[in-house]
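Just the one chain here, laid out as structure tokens, in the form predicted on its own.
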Amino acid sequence: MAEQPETDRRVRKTKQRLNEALNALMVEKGYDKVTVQDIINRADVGRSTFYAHYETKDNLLMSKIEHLKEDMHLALGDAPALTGPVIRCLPLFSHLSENHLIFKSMIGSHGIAKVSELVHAGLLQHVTEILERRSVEGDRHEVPVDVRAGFLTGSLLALAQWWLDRDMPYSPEQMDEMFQALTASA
């Protein structure tokens, strides 16, 4: 049993190196041009080590997406107060700015369609839950919850993509203010 923590630590370090390699390669080449060989060369691990953890580069990406969804949920936080904005997106814009090249390669206009779809689905679920909770608490709106959620989600992702593609010409605080102004009645 004494070897278990050491093994776990090595597995975590190997997975971290593989993730870091994928990040760097996506920024340099774009995901579609990255091969498993590129990843193992950059991570300095053997092919069998890669395949011990992931079946394909898509599986590695999917594990990255799960972390991205968790980060997004944490950045958005719980539902804001009934009278405030539906989405507190300052933490989200701040999070995107911390690693903007990686996020740009994943969800920018030249990003990975599957990642964008999964991020959209996760965000849509989060926004829908917020709006449904607000509705139960007495928030009455003439537009149905599913329509509002779709609008807010699409708007936020389009704005985030625009911002990342242009290498963040405005601060996260400015982006939050502009999003809130644009969606105030939603």
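Sequential numbering from 1, following the sequence displayed. Just so we're on the same page, rigid core means the largest C-alpha set that superposes within 1.5 Å between forms. Since we're looking at a predicted model, the values are computed, not measured.
Keep in mind that the form predicted together with a further copy of the same chain is not shown, yet the notes after this line are about it.
Trainee: Is residue 118 one of the residues lying within 4.5 Å of a further copy of the same chain in the predicted complex, judged by heavy atom distances?
Mentor: Judged by the heavy-atom cut-off of 4.5 Å, residue 118 is well away from a further copy of the same chain in the predicted complex.
Trainee: Decide whether residue 146 counts as a contact residue for a further copy of the same chain in the predicted complex under a heavy atom distance cut-off of 4.5 Å.
Mentor: Yes, contact at 4.5 Å.
Trainee: Would you check, heavy atoms only and a 4.5 Å threshold, whether residue 12 touches a further copy of the same chain in the predicted complex?
Mentor: Residue-level check for residue 12: no, no contact with a further copy of the same chain.
Trainee: Though only this chain appears here, would residue 40 touch a further copy of the same chain in the predicted complex if you measure heavy atom gaps against 4.5 Å?
Mentor: Residue-level check for residue 40: no, no contact with a further copy of the same chain.
Trainee: Could you tell me which stretch in 47-55, 22-30, 138-146, 63-71 has residues with non-hydrogen atoms within 4.5 Å of a further copy of the same chain in the predicted complex?
Mentor: Careful reading of the contacts points to 138-146.
Trainee: Counting only non-hydrogen atoms and a 4.5 Å cut-off, give the residues of 142-163 close to a further copy of the same chain in the predicted complex.
Mentor: Stretch hits, in order: 142, 143, 144, 146, 147, 148, 150, 151, 154, 155, 158, 159, 162.
Trainee: Is it true that residue 146 shifts between the shown form and the other one by 2 Å or more at the Cα, once the core is aligned?
Mentor: Stays below the 2 Å threshold, so no.
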